[in-house]
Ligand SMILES: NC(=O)c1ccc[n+]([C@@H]2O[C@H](COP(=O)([O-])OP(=O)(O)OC[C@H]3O[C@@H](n4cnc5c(N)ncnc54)[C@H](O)[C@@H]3O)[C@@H](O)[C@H]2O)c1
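Heads up, the chain below is alone and in the form predicted alone; it's given as structure tokens.
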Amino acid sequence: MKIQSKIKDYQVELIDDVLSKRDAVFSNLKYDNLFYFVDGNVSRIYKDKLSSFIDKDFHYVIKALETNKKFDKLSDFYKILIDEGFTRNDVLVTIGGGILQDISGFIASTLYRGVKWVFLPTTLLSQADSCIGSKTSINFKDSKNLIGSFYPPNKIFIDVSFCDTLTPEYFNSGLGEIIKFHFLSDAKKYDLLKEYLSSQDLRKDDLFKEIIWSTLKIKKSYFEQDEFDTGKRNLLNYGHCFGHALESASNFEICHGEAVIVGMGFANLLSLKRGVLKKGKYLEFEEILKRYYPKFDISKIKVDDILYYLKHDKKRVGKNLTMILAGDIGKHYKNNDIKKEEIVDTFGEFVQYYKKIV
């Protein structure tokens, strides 16, 4: 898949057993040296293969924690690269999920005003969603993704076998974004989603690669029309407004994609209460979403904390709150007129419902 960007065009490739294909990954890329940022879990699980792939190049292991995405933590990573002699002729190679992608992308966009980087996404969330679209997102104090830039990798290589070793919650985290994108698409792609989700083993299903590719195509169709998130691309935040607030309010106890699943459920309930979404369609969507709600005591989350983070959402404009509401498959709307009282009322109803089904 070739992706056109106003920053630089780049390429995504599905590849099997990527850690045995170093030459294929770095062919046609001019560089002096390679420097690696590697996820801590990936480093542990794939130790032998990584050792052969990285060989004698410099690598640094980073734990995939939201705290490592904090703005004041970045100076440590800049210092590591600079102290090791990283120059504009070198390449930063990232092997990990979305957190390492955000750290690497932001550093690559700002170090020496922009350097080359290659991304090997290792989580379903990063493979099916975050690897494309150019966004980098950094946390500032207690607000998620408040600072960032637009800077895509030069190349992206997706090896779905990395998903074999994901925990159930992190696999479901990727499913959350896959579901979201297919809710935002059309009837044909929605049918593909339902067919895929009917599988007994989602990681081994024949449609696994196809559903990832379908998700990337849907996302591509959105951001190529609105790369810098000023219009249509805002709709991709469906499930994210409440989801981000829930992540922060839970101190990131819930992983991102699962929070998005909950966020879609909340947004759908608010859509129903506003009369935007019909009851039958609400129940249809909920039959899909509730299967992947995380086992989490949502009643311990205070609505005041949710309101606090919604007020600090970067998508918010004006004095009211912002949320993407749903009308049907492919019919979503950015609403900037959400009142505090609506959130409080909907949250109370949603918590009672959530406690019954989880």
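Residue positions are given as counts along the sequence shown, with the first one as 1. All figures in this text were calculated on a predicted structure; none of them were measured in a lab.
Below, we turn to the form predicted in complex with the named molecule, even though it does not appear here.
S.K.: How about residue 179: is it within 4.5 Å of the named molecule in the predicted bound form, going by heavy atoms?
M.R.: Contact with the named molecule, no.
S.K.: Check whether residue 39 has any heavy atom within 4.5 Å of a heavy atom of the named molecule in the predicted bound form, and answer yes or no.
M.R.: So residue 39 counts as contacting the named molecule.
S.K.: Quick check on residue 66: any heavy atom within 4.5 Å of the named molecule in the predicted bound form?
M.R.: Contact check for residue 66: yes, within 4.5 Å of the named molecule in the predicted bound form.
S.K.: Flag residue 46 as yes or no: does it have a non-hydrogen atom within 4.5 angstroms of any non-hydrogen atom of the named molecule in the predicted bound form?
M.R.: Output for residue 46 is yes: heavy atoms within 4.5 Å of the named molecule.
S.K.: Looking in the predicted bound form, is the named molecule within 4.5 angstroms of a heavy atom from every one of 248, 312 and 322?
M.R.: No: none of 248, 312 and 322 comes within 4.5 Å of the named molecule in the predicted bound form.
S.K.: Which of 190-198, 95-103, 70-78, 262-270 has heavy atoms within 4.5 Å of the named molecule in the predicted bound form?
M.R.: That would be 95-103.
S.K.: Which residue, 235, 202, 276, 166, is the contact with the named molecule in the predicted bound form, using a 4.5 Å heavy atom cutoff?
M.R.: Selected residue: 166.
S.K.: Only one of 185, 172, 145, 214 comes within 4.5 Å of the named molecule in the predicted bound form by heavy atoms, so just point that one out.
M.R.: For this set of options, the contacting one is 145.
S.K.: Taking the named molecule in the predicted bound form, which residues of 106-127 have any heavy atom within 4.5 Å of it?
M.R.: Going through 106-127 in order - heavy atoms within 4.5 Å of the named molecule in the predicted bound form - the hits are 122, 123, 125, 126.
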